[in-house]
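Okay, here we've got a single chain as structure tokens, the form predicted alone, with questions on binding and movement later.
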Amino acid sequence: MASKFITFLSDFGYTDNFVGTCHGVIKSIAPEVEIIDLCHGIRRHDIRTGALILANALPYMPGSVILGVVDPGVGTGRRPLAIRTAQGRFLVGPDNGLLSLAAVELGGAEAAVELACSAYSLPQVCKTFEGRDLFSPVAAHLAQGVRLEQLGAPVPVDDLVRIELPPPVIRDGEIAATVIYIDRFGNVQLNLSRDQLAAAPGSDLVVSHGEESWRVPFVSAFGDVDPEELLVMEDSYHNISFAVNRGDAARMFQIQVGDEIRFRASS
């Protein structure tokens, strides 16, 4: 089935011509397709952040082919992929975990192929820019209705590389969660849901990072506390976040992705 849209995410940034060149390749093949530039400011080579942003945003995207290029292993033995999901959507990009969370969001991978130089790539594929020469043309052809099976040799979906997010752990009367994302405002997103935290707005929590602990209110919005005050809330993607109203919690407390944050009820 043809698609009117391609959703495009990468770590290319806008300083170079990489994003624009990929647009040009797509439009040369499928001029009627609209390209949604979801994000090109992923920190270079940060596969997990790219995977999280892609999965978080897909429920708000129109039906589209999804093109993801965060590819530190470009030109190596990692497989270039196209995936059909159970919802009939297509994902195109490297087999390094970048597409895995999005595939789950779309009902799971139903079929996958390993891409190769073909009539559906550019005539010459450069090992340092497969985003232009392989992934972009394949996404364009899929958007025009080319069947997945025409694009390459089948790959068992169970063999695809997956990103596994560490689950929260309950121990010693507290719940420990992992920082999975820090946005540009310094808000600290955790792999923890409101149900798992078992807290209600208006209650207080003791939040710990390393040797530091703070008493923090659980609120519904940033404005429920004064500027520069700490807060815990359920964010727009239904994850628990630790933040500072009009401040940068990550910088203030030197929190990084992968750190552990602990929560317990305030006595």
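Please read all numbers here as calculations on a predicted model, not as lab measurements. One-based numbering along the sequence shown.
From this point on, the text means the form predicted together with another copy of the chain, which you will not see here.
Candidate site formed by Ile36, Leu122 and Ile182: every one of these residues places a non-hydrogen atom within 4.5 angstroms of another copy of the chain in the model of the complex.
Residue Gly75 is the only one of Pro156, Pro166, Gly75, Gly145 with a heavy atom lying within 4.5 Å of another copy of the chain in the model of the complex. Of the stretches 145 to 153, 104 to 112, 183 to 191, 167 to 175, only 183 to 191 has residues with a heavy atom within 4.5 Å of another copy of the chain in the model of the complex.
Tyr60 belongs to the set of residues with a heavy atom inside 4.5 Å of another copy of the chain in the model of the complex. Proximity of Gln87 to another copy of the chain in the model of the complex falls outside the 4.5 Å heavy atom cutoff. Proximity of Asp259 to another copy of the chain in the model of the complex falls outside the 4.5 Å heavy atom cutoff. None of the heavy atoms of His209 is located within 4.5 Å of another copy of the chain in the model of the complex.
Although another copy of the chain is not shown here, in the model of the complex the stretch 89 to 128 places heavy atoms of Leu122, Gln124, Cys126, Lys127, Thr128 within 4.5 Å of it, in sequence order.
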